[in-house]
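Heads up, the chain below is alone and in the form predicted alone; it's given as structure tokens.
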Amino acid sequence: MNSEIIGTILIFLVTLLLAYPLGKYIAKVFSGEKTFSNFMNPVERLLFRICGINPNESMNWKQFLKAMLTINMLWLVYAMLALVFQDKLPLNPDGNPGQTPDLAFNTAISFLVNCNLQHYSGESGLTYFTQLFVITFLQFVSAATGIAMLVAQFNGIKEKTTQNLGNFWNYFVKSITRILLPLSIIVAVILAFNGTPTSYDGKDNIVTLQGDSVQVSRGPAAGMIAIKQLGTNGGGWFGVNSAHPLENPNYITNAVETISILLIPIALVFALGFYLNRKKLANVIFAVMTFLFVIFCSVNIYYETGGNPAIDQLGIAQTAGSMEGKEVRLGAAATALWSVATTSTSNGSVNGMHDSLTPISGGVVILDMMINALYGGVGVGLLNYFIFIIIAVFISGLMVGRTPEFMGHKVEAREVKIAALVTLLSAFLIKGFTALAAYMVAHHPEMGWAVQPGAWLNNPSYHGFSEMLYEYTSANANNGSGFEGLGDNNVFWNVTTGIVLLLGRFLPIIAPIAIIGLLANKKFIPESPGTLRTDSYTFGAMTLAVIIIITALSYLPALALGPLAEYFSLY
């Protein structure tokens, strides 16, 4: 085992050591217990008073969703207007132009839904104003929205029978003031002291070692990069994201950013156990997620450190692994770990180009996003996992001949139909829009888009199909990473991915909250010797089987046309 692989193991272990106490702290915050962050109480009370909000007012699941959807619609309008007119706004030292309406539509939706799919290059596509007051703002509020929705789910599970899921505004504000903002300050300081820029100056002129004179973009990037990782947002200040030496200067910052990607999603799993006083349930969920995460990491590290088989056939030694599209200062193993971490958590940032991953590794990260429940985005990861739990409960009940129950509440046809609809919808969005894009490339190259459809793909055949499949999978999973051989800044891709982004974000949030609202309103059934225990490792194995079977049935044919076919073609 070489030092690169040891480094990836240590990064994951440090993440777990930090996530456990953070999960305990998060549970205390939302339970109203005393914590060191209680000094924020006056600030929060002031915000609520200014906004005319009673943070103690109870909300049922419909009121909770109404509050969330209403404020998100307002943010969407604000973001679109700011992006279109950014050239007229201050803090634009490089003179960057405003975005086109279709690009602004895509960008505003993308950051609103915690996806951060970027059809522009960060340093040239945005100004400092929109980077800070649109992008960074949305990275905080979209992450806080996900956490608030998860706490609503916790409340519905915790009580025997209730209509009260808590107060959206209370959880939303505390998610920012007590969790996201303090952690972001810590990470930003670490990045700043390691060389990430914090200046408001424009581009700097430098002379390279080769004697070339070049302009280097900079800006107040450290704070935005901190929340992009901690909030599982992923949008890069610079076009190449955390592969950029100013966004991710060295191995220390790479480790810190990798930990930041995984930290809150894992901590929220532990927080479930503390909040509900059901640590075994949290441990079972964590075990299932981590089992698949470790397998995916192992596969990607193996293939990326092993090199390209096409080069092996030439008899050329590849001691550094498959280094195309990767940073020499980080190594193949660090990029392999990041590729799984960023797709397991709906983060989407990259420290190397996913388009350059070997075929199996590329297939793994696509599969990871198709599952979309291994840790997942902050809050929404557990909401997505809850859908698999409901299906597993239903199937288990059928197998043993009992009415399915979850946490003392009967799971009936209505809840199962909602869960099934979400899983079917994801498959429809990914495969349906990929088929549409493939049809456009094959049959309509003459159409007058901003970029001719035939020029969308910089790679032919199997890999070209993977590029299109990846784009819609990433949009549906609210991930944001991409196989960047795809030319996606045109009307077709901006509009179609924007539609997928909206549906892929809000329906998988609405459905679990609706399910938990319906379950929580039912009569509580005490546990008996015949009760199906959902906190057992047997049920965990059942949930794992459901995840594997549903994902395989839904997506294996599409994966066979792309990454798998490309892999076998190498031999």
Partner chain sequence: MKKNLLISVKMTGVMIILCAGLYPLLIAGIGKATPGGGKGKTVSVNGKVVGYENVGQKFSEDKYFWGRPSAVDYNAAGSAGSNKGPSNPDYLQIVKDRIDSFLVHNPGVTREEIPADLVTASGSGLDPHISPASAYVQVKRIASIRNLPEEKVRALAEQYVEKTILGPPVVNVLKLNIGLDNLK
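Given the structure is predicted, the values throughout are model-derived calculations rather than measurements. Residue numbers count along the first chain shown, from 1.
Same protein, other form: the form predicted in complex with its partner chain, not shown, and the subject of what follows.
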Checklist line | Stretch in contact in the predicted complex with its partner chain, which is absent here, among 151-159, 387-395, 341-349, 168-176 (heavy atoms within 4.5 Å) | finding: 168-176
Checklist line | Triplet Ser199, Leu209 and Met323 all within 4.5 Å of its partner chain in the predicted complex via a heavy atom | finding: yes
Notebook entry, point to check: Is there a non-hydrogen atom of Leu13 within 4.5 angstroms of a non-hydrogen atom of its partner chain in the predicted complex?
Noted result: no
Checklist line | 4.5 Å heavy atom contact, Thr136 to its partner chain in the predicted complex | finding: yes
Notebook entry, point to check: Is Lys203 close enough to touch its partner chain in the predicted complex, meaning at least one heavy atom pair within 4.5 Å?
Noted result: yes
Checklist line | Heavy atom of Leu246 within 4.5 Å of its partner chain in the predicted complex | finding: yes
Margin query: So its partner chain isn't shown here. In the predicted complex, which residue out of Ile53, Leu503, Leu518, Ala541 has a non-hydrogen atom within 4.5 Å of it?
Written below: Ile53
Next item on the list: Quick one: from Ile295, Leu89, Ile185, Ala420, grab the residue that has a heavy atom within 4.5 Å of its partner chain in the predicted complex.
Entry: Ile185
Next item on the list: Within 4.5 Å of its partner chain in the predicted complex, which residues of 51-70 have a heavy atom? Give them in sequence order, or say none.
Entry: Cys51, Gly52, Ile53, Glu57, Lys66, Ala67, Thr70
